[in-house]
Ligand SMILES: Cc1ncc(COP(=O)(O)O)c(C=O)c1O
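Consider the single chain below, provided in structure tokens and representing the form predicted alone.
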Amino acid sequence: MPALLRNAPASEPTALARLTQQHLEVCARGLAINMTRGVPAAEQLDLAEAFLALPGVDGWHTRDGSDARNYGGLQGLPEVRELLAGPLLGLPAEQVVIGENSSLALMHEALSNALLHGMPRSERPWSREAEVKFICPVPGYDRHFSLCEGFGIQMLPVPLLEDGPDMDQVEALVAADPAIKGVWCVPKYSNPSGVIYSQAVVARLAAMVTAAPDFSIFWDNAYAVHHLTAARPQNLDICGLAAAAGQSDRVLMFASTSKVLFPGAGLAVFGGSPSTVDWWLRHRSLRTIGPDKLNQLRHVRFFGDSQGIERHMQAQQQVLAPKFSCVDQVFGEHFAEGAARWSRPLGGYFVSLEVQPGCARRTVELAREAGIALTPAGAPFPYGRDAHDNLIRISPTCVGIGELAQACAVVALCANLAAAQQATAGDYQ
């Protein structure tokens, strides 16, 4: 992408004084708007109220007549795997496992198993390697990076382009270094930029030559059904492409219904090749006798089939799409041409705002003073280090549209003020 142009009027002392005064006036208003996380709004949660009454006092029989109140069913009920496997992962039901409520917990479990036992193709547990490294497309999901940091896995940032990770860099890195054991991928509506991976990028990920025989793709399809427009990008067949390339066990897939129904009451889904699923179940059997099958039945009864999921997400789209349009409109009104750049995602939960280089942290600080809580500026980067200090993740979902418009106007004011402060300081250096 071309570098942002400096907003010349904001560099003038009179502009700095004007913006400073406006900021002081906003601070005096006592705003308190929290946009730190991608949290579903109350209106979205209200769409699933009927879920709370399920499966009902007499609704605990599964499709085959068994008792969902009891132990067993480690892989998950066949009917719920059939319901979720295609829409969330694009896999057949026999290649998925239903977990608890959190896909992040499943990712933690996968890394724990790799470190303790190794992956299906590992020569030894990862903990016995001299070092373990992961490729991290940036900007990316901060909790992926927290997992790596918590496990002592070294992170290698690679630019996330308009069609996915910079594959020239990825291929060069993984071919040369056997310590690189994996890559994080959010292939559809990436957090925070909204990027959708192209078929060409996915094919290269699946087939690339790696120095580590147990290199793994951690495929987080968190926003598989979270559309904001009429476009419906299909789940890309990363598992099929990997199998065709002789790399069947390379892919570990994750998704959940946490942002489909209720966070904390959703279902997490794991998927992969048949042998990867066997590996997963073998280790999982040591930590649980069986999942919450009553919650699985709730999902089946609430949605019915994949069309039910589509209808529910269309209703969510009607709640969320106007908010993303609001962000685009307000930023367009408050930023001069070349002063900032922001994404216009087709789905997902975030907008990626690029301000002037060196101004993101100051913008977040000024916004906090004005009563707008944002995600820390460096969060979409490993170790919180944004080399250009110019990217801010905007989370529009959790607030009402009136508050959202106010918040975005304040963020734009703070970004313009940060740029003016930087430019003025530079004039005196």
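Residue indices: 1-based, along the sequence shown. The shown structure was predicted, so the numbers you read here are calculated from the model rather than taken from an experiment.
Although it is not shown, the form predicted together with the ligand is what the next lines describe.
Contact between residue 256 and the ligand in the model of the complex is found at the 4.5 Å heavy atom cutoff.
In the model of the complex, none of the heavy atoms of residue 208 sits within 4.5 Å of a heavy atom of the ligand.
Remark: residue 273 does not count among the residues lining the ligand in the model of the complex, judged by a heavy atom distance of 4.5 Å or less. For residue 101, a non-hydrogen atom is located within 4.5 Å of the ligand in the model of the complex, even though that partner is not displayed. For the residues 340, 119, 138, 222, the 4.5 Å heavy atom test against the ligand in the model of the complex is passed only by 222.
Residue in contact with the ligand in the model of the complex (any heavy atom within 4.5 Å), chosen from 319, 313, 243, 107: 107. With the ligand omitted here, the record of contacts in the model of the complex names 257-265 of 168-176, 330-338, 284-292, 257-265, defined by a heavy atom within 4.5 Å. Shown here without the ligand, the chain has 186, 191 in 186-203 lying with a heavy atom within 4.5 Å of that partner in the model of the complex.
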